[in-house]
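Here we start with a single chain on its own, the form predicted on its own, put down as structure tokens.
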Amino acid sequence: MIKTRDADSHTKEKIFMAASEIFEEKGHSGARMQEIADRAGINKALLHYYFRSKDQLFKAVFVVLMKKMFAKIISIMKEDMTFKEKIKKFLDEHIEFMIKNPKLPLFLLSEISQNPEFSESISETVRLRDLKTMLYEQHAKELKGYGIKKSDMSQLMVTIVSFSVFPMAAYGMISVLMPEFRERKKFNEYMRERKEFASGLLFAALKNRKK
């Protein structure tokens, strides 16, 4: 029984890894179950034994990838440090995460726009609304010092996340408009420089906002 469970777990892991790669490369509409089975090293019948349809497999992969995308935000925002320290750490770690997973931002944004029901399936798990409230309550004094009200938190959080997510999702456009970044290595260097630039820009803007 234990060996059977281990075999099932190993097979599911192979399927999940193969499906993640192919969905990120081709999206939901472009992926094929046969291609996923081939990359996982199994036959298509076995793939359908574990996941009856492409939609079911995609939803399972999408939920995990979405949680992966937000995991850094949630864990850092819960740490015991000042708001400024949290933002600097978030930009540092999240940009590194994006560099290691360059296809993930565009994949998630594209699939959410085409299939909003997939993101709805994890809204209660991620619970960004609760995180927004918690963040304000933890740092109310500091945020008020910058002129930030509780009602401003949605604007602030979207602004912060966009510093790391937007350039990665828009890499194709950026590499055309700025040919010096067509080489991925140079673009990654640019993103690492963005850590300090983005946090400096944000807090300079917040400092100026309270005047």
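Since we're looking at a predicted model, the values are computed, not measured. Counting begins at 1, following the sequence as shown.
The next section is about a form of this same protein that is not shown, the form predicted in complex with a further copy of the same chain.
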{"item": "Non-hydrogen atom within 4.5 angstroms of a further copy of the same chain in the predicted complex for each of 57, 60 and 64", "value": "no"}
{"item": "Residue (of 81, 140, 134, 112) lying close to a further copy of the same chain in the predicted complex, criterion heavy atoms within 4.5 Å", "value": "112"}
{"item": "Proximity of residue 70 to a further copy of the same chain in the predicted complex, heavy atoms at 4.5 Å", "value": "yes"}
{"item": "4.5 Å heavy atom contact, residue 156 to a further copy of the same chain in the predicted complex", "value": "yes"}
{"item": "Residue 170: touches a further copy of the same chain in the predicted complex, heavy atom cutoff 4.5 angstroms", "value": "yes"}
{"item": "Contact of residue 201 with a further copy of the same chain in the predicted complex (heavy atom, 4.5 Å)", "value": "yes"}
{"item": "Residues within 4.5 Å of a further copy of the same chain in the predicted complex, restricted to 147 to 181 and counted by heavy atom", "value": "152, 154, 155, 156, 158, 159, 161, 162, 163, 165, 166, 167, 169, 170, 172, 173, 174, 176, 177, 178, 179, 180"}
